[in-house]
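For reference, the chain that follows is the form predicted alone, supplied as structure tokens.
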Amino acid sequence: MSFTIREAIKEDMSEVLSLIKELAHFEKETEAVEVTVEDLENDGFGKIPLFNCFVAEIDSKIVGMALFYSRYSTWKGPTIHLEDLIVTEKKRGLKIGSALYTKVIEFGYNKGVRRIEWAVLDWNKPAIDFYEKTGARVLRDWDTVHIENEAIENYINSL
């Protein structure tokens, strides 16, 4: 079964959001997705786009996506953060994920970034094995930290 990889367009964001929700379900965080189609359309396709996205299609149906954005490392300079890469469950095993991953790596290479980074759950062994096979290092001595809406507000109000 053949597929194509292309840059996402604004009209793809409904299907991209469906994939984001499928990934959240896979990661056991179904209720965590707050972003809307409108958010994705505005944030990705406004005056200053906040992210890039590639989609994979089979027969004009989006079956995978990779969403990423520019960052700056004080150690390395320009970098890219790969936020999400997902292939719908029914289409896994067709090398679509590998093709999306390659497209992001090529994008970063062509932009001259010095690092591409992302997070992977420690229980997702197939993904970890794939990434390590491509030369990526999984940094097991770093913990991801984030602060979200209510905690941000509580912190600011406590100052």
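From a predicted model like this one, the values you see are computed outputs, not experimental measurements. Numbers for residues come from their place in the sequence shown, where the first is 1.
Below, we turn to the form predicted in complex with a further copy of the same chain, even though it does not appear here.
Using a 4.5 angstroms limit between non-hydrogen atoms, F54 is distant from a further copy of the same chain in the predicted complex. In the predicted complex, V113 approaches a further copy of the same chain with a heavy atom inside 4.5 Å. a further copy of the same chain is not shown here, and in the predicted complex it never comes within 4.5 Å of any heavy atom of I9. Contact check for I96: no non-hydrogen atom falls within 4.5 Å of a further copy of the same chain in the predicted complex.
Contacts with a further copy of the same chain in the predicted complex, taken as any heavy atom within 4.5 Å, map within 20 to 45 to I20, A24, E27, E29, A32, V33, E34, V35, D39, L40, D43.
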